[in-house]
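So this first bit is one chain, no partners, the form predicted alone, shown in structure tokens.
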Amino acid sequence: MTRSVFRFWLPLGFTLLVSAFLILPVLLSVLAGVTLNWQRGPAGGLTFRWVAEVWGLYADTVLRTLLLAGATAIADLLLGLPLAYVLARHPSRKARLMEELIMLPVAVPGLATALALIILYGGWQSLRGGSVFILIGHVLFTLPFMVRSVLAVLAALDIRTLEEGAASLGAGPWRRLLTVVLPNARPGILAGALMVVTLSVGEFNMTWMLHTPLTKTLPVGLADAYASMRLEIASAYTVVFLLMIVPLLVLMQKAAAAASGGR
């Protein structure tokens, strides 16, 4: 009996404590965003006034963030799928080296990458002042995650054998790619796309350095709200942010589970 208690209840208690440590600050922030007075909590009354005010002030920022995340996902698909296919189709020492080079932007701090982009393209004012500049930074940051997600599925599929089988039945290169490789890699593609969207929506460090007052995204606006507004407004901004990011996280988990099941 004592041993079973130690094996079950102690790990469970530790897990609950860690979960509370991680989740409680977020819950308190959300609560402050839907109460009339954050110092009194629910006893002061609940309201969606602050959320409505945030939406009225930052609806354009929310739309810009979603469009930027979608554009990042499309760009990563166009760049990442061919890269992952080539790396999986021709495994070698050079391919592994190329894979490590692709992952380099993840190891470099986002501020350093943003600074490099400013040094390289900062003199191009039409680019520097638009959202495309932020898009370039997001693609640099998220592309490795797309490549790794798709590459993991393709490596497990043994696509060389699949393509040889399709070729023996008369399928040409494009038909093999479109009807054999990509459908089998669909779980990895979906998981990678959702991961890219989630990372783009929540990316702050690089975006903070690359943005202008007219190209502000949701995380940058959240930081500004906490720095310059009432706590209720800033916390309501957190509510809006979570309403966007939590469904994406749930979908990403399901896509990752599907990809694992496919392997």
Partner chain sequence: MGGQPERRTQTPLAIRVEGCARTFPDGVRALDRVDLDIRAGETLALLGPSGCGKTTLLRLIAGLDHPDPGGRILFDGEDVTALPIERRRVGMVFQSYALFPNMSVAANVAYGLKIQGMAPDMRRARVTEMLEMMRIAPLADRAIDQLSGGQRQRVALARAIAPRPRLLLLDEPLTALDAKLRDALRVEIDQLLRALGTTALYVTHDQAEAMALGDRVVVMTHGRIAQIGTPYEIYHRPAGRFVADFVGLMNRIRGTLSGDGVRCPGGIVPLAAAGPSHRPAGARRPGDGAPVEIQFRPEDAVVAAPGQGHVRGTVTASFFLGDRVRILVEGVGTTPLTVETGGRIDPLTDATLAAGAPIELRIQSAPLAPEGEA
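The model shown is predicted, which means the values in this text are computed figures rather than measured ones. Residue numbers count along the first chain shown, from 1.
Not pictured, yet referred to below: the form predicted together with its partner chain.
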Which of 125 to 133, 155 to 163, 69 to 77, 188 to 196 has heavy atoms within 4.5 Å of its partner chain in the predicted bound form?
-> 155 to 163
Should Leu169 be classed as touching its partner chain in the predicted bound form when contacts are defined as heavy atoms within 4.5 Å?
-> yes
So in the predicted bound form, does any heavy atom of Leu140 sit within 4.5 Å of its partner chain?
-> no
Any of the heavy atoms of Pro109 lying within 4.5 Å of its partner chain in the predicted bound form?
-> no
Hey, in the predicted bound form, does Leu83 get a heavy atom within 4.5 angstroms of its partner chain?
-> no
Restricting to 110 to 148, the residues within 4.5 Å of its partner chain in the predicted bound form through any heavy atom are none
